[in-house]
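Next up: the same protein chain in two forms, each one alone, written as structure tokens (structure 1, then structure 2).
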Structure 1
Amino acid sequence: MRKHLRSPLIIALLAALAGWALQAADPLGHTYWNVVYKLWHDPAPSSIVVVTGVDANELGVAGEARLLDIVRQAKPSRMFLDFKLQGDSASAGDDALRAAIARLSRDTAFVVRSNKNDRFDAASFNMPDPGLIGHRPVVLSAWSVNFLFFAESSPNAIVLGGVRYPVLATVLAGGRGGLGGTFYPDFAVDPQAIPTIPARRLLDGHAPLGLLTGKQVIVAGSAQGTGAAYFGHQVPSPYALDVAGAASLERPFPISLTALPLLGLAGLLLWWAGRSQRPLRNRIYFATVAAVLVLPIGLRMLGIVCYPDSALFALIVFSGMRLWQERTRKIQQTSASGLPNMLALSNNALPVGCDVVVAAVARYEEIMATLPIELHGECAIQIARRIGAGSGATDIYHSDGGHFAWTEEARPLDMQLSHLEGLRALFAAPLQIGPNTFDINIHFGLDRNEGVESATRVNSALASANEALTNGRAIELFEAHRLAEAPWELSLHARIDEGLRNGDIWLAYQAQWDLATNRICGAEALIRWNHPTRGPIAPNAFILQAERAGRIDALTYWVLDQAAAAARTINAKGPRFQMSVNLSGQMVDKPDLVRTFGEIVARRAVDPGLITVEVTETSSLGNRTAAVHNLTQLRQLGFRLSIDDFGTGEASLAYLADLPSDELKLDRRFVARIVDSDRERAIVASTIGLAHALGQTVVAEGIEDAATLALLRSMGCDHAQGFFLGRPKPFAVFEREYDGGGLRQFGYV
């Protein structure tokens, strides 16, 4: 029901009804009829002739009397005296006027015009002196007007003081009145075409009297009445409205249908159009507009008044909403493919019991760069066609960044994942776009959080697809708990800055021991975060988010600055002390890396040789050439380089061959098992031998017990690090233990 109430047709009809009730659509009707009657001209009724210019100031009262005698002698069928009567004094001229009036036929009528529009009471009419007009009839002229004072209608008769007076137009029409007690002027009558004879010409004998014989003659004086305006023309003499009213009463059906029938017809046609296919729909729209514009004119020719105001108002509202919808639809169409885009899916209410799936195409921008622009749409359509064939979805949504989205029936998770793996297999066959052949690698993001807003679900699936693409996984599921974490992750930038300012983010130092001399020879600076409300945050969690948020650079430089100051303090105490800091693989190829590292150690007055840079997450290296160049430059400045987590990911023999380094750091996953696993022990022993053969120092991390430490010493490992030897601790505590001799309790000194 709510959907129907939001439809353009219902809104347009309701707006039109409100406009009709509040008369807000009247300007449309006024403009319509004013234009129509500027173009539509009919001849005036030939049975009516007007004698103009009857003015006592110009003709004199005696002249008016003589004029009445001349008109009477022409034997008109009826006379209407429409001028201000004098003859109230005892002059000879006044006597002549009263005598002339007395000689007029008994059916000569005197016209009295209302002095206020829309007023039909006794106060609005200045009735003539009965002693002057005798028992001759009085006819009235009064008009209802619109907001611009244009005449619209008049009653057939007006009751004043219990006496019913006909109006001039109905008498001119032979007593015929409009149906319903009201009539409407026929503004097609051209006021300039009404036959008129100047009074002066009759008095001078220059006008043949035969022009008046058998006619209804209105003897009109200077303009009197309210001056109601006339559609399509400048304000004419008041009698023009009466003539137009008489002409309308001669039409077959002088009646008003108001605005509602035409509004109903327009609504019915628009409803029909909405249920029709496009070619027929457009024809119905055209027919609706034509009906609203033309039908009122055709009906007016029959005397039927049908106002187009509300129907025009409805058409304008409806057209505006449809144009807006069309504009919105075009905005939600990709320029190349014509497929609806993500915004279209986000704006739709998702069906109950559905999953949102987004597919990300790897290297899509490169494919687009390879293709001529006219084939971009074809590429997207072919991909969408395969997705549709495999998923059964009829609507595939596309974004220019190479993402395709759709909804599917929610299945059990294992079935859904299996289904998506099968869909991925459809892209094993290459895509043929024109003369070009492309292998398509596709990754999926899946959102199953029903009950969340459509836009949120689409964005969740989109983020999951991008994560799957980045991490090289086929499918990534967006879990509901990540929605709760999103505000935290999205505000991480500000939170990290705040943590650095107030000390919530700090450095812990974990000792590294020289196994040959049994002394602390260095430490690794490890970042920690104690959030005031979330408590301790695992380093891997916030460092990963910092990398995603682009804040890892600032954190790394802060760590180096603090660690360099600590290294300077410890080295001032005596033996050489090596400080290790971590460098994310995402930073290794940055152009300003070497310069910034050099500036920090220079500012802290620390020998770069006392700083060991541990390169971590080597799988995330972007530009390997730039990374090798930067590491070489750091080494030339004096920094020592360490390959962290050796033996995992890309930290392998190939990496050891490519990158300059001084140290290998054995991953804890190998070290932890050397006591119980011959295989792991052999791997660690061979790695130590290889490193020594290449002139590298070996650091083993993750030492948890004395047996592991003793075994590593026997293998020739150089340095050791782990909870057994010392946990990470604030610098003040670390310095105090360093000054106290470190691990005397273990018997190594």
Structure 2
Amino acid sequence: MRKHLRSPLIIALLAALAGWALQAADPLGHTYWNVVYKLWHDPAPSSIVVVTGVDANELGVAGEARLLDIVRQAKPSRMFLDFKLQGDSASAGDDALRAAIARLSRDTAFVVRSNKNDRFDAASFNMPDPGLIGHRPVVLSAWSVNFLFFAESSPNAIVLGGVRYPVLATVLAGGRGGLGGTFYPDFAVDPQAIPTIPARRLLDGHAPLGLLTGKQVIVAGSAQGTGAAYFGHQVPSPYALDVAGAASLERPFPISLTALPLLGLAGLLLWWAGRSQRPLRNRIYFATVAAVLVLPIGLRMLGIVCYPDSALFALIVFSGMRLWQERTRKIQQTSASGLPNMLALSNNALPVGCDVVVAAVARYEEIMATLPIELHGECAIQIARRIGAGSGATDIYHSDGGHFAWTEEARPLDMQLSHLEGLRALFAAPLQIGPNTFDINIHFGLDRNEGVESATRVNSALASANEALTNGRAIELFEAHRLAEAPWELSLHARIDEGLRNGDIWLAYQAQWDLATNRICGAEALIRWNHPTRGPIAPNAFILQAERAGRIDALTYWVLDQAAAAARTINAKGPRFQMSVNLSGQMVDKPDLVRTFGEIVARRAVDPGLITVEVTETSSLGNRTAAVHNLTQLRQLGFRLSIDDFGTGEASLAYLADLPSDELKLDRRFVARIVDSDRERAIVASTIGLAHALGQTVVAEGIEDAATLALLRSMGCDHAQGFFLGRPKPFAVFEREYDGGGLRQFGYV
């Protein structure tokens, strides 16, 4: 039912009905008739002639009297006096007019026009003095008008004071139309084409009287009537409406069908179009528009009035909605394959009890690159078909980047995972696209957060699929808590800047000890964030996010700046003090890294040799050549280089060979176990030997007890860092302890 209510046809018909009830479609009908009657002209009825310009001010009352005699003598079939009768004074002229009227035949009718549109009561008509007109008939003229005061219809007769008066048009039409009902003027009658003779010419004897003989003659003044307007023509004389009315009554079926039959017809045709296929459907649309535009004209030729207003209204609403739908469909369709795209899925309400799955196809761009463009769609369609066959889903959504999305019934997690594994197995067989064969490998992202908005779920599944693809995993499940984290991660950029500004982000300094001299020889600067609402955030938690948010540069430069200032302060005290800062693997290949580092130490007036740059996460080095180039340059500037977390990266040994470095930092995961594990001890011992052989200093981090420290010392490790020797602390605290001679704190001296 709801689906039907959203159909453009139903909405268009309901809108048109409402428009009809509220007369909202009237402007359409008005424009339609105005245009139609500008183009469509029929000759005026030849039986009617109008004598114009009968005005006492111009002709004088005596002139009017003479005119009546002239017209009478021409023997018209009937006369209608349609001018303002004065003749009520005792002047000679008035006497003449009274006498002239008295000489008129008994069926000469007096026309009385209403002084208000849409009103048909006694107050709207100024009836003439019976003494003047005798017992001659009175005919009326009054109009119902539209919202722009254009005449639309008139009753055939009007009852005033219990007397039924016919209107002029019905009398002109020989009584057709009867005394009940309504008629609709035929505006095809061109008002300019109604035969007229100026009164002045008759009086001057310049017009042949034969023009009036046998005709119905309206002797018309100029000022009567309400000024109801005439479709297709501007400001015609009031009698034009009566003539048009008479013309309409002469058509075979002078009736009105209102606007509804045409609306019904349009509705039927549009419904039929909706059930038809392409070429026929377009023909039916065309036929509907043609019917709505042409039928009212054709019917009106028969006298039948049929308004196109509501049907036009429905057509406009319908085509507007169809265009909108078409546009949405285009947006929601992937160009190459014709499959609906992710947006289409995001915009739909997802079925209840479903999981959203996105499949990411590995190396999709490469596959596309090898295929001719016309086969791109085919490739997507084949993949979608295979997914459909394996999952039973009928609607597979596709985005050009090689992602396919659909919904799965929400099974228990283990079942869902094995279902997807099975689906993955379906892709073991290669795809055959044209002459090409491809192995296809797909990775799934799964969202099980029922109740969350469709768009969010689709994006979550998409993000998980990408993650699965990057990590080489078959399926990645989107964890709901990440949703809560998302806004925080996405606004990290601004928050980091704010943290740097207001001091929430600060540096802790952890001492590094020289094991040969048993004194503090330096410190590592470690970043800290005390977030006002989230509390302290561990660097591991936000460094990665800062990298993702593209904010790691600002953070790194800020750290170096602060650490350089601290290094200067401590070095000013005398003994050489080496300051270590961490450089994220993401930043090592940045083009402006070396220049900026150089600028910072220059600004702080610190010898770069006092700064050790610890390169972390070396396994994720992006552009190796640029990285090696940068590190070499940093070293040429005088910075010391250290390979952090040595032994954890996938290829630490390879890096040791490649990267220029001065120092090796043994990761605490090895260091922590050397006391208990012979193996780890052997690894650390040989690593120290290797590093020394390569001319590197060795720093052990993560020393938490005296035994470990003693063991490392015995192994020949150069420097030591760890909670046992001092925790990271604010600079003021660190400086105080340093001044107090940190050496004495541990009885190792």
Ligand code: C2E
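The structure displayed is predicted, hence computed values, not measured ones. Under this definition, the rigid core comprises the largest set of C-alpha atoms superposing within 1.5 Å between the forms. Reference numbering: structure 1, starting with residue 1.
Here, the chain labelled structure 2 is taken from the form predicted in complex with the named molecule. Core-aligned CA deviation for residue 102 between the two structures: less than 2 Å. For residue 302, a C-alpha deviation below 2 angstroms is recorded between the two structures after rigid-core alignment.
The two forms, fitted on the rigid core, differ between the two structures by less than 2 Å at the CA of residue 57. Relative to the superposed rigid core, residue 514 shifts its CA by 14.5 Å between the two structures. After superposing on the rigid core, the C-alpha of residue 464 is displaced by 3.7 Å between the two structures.
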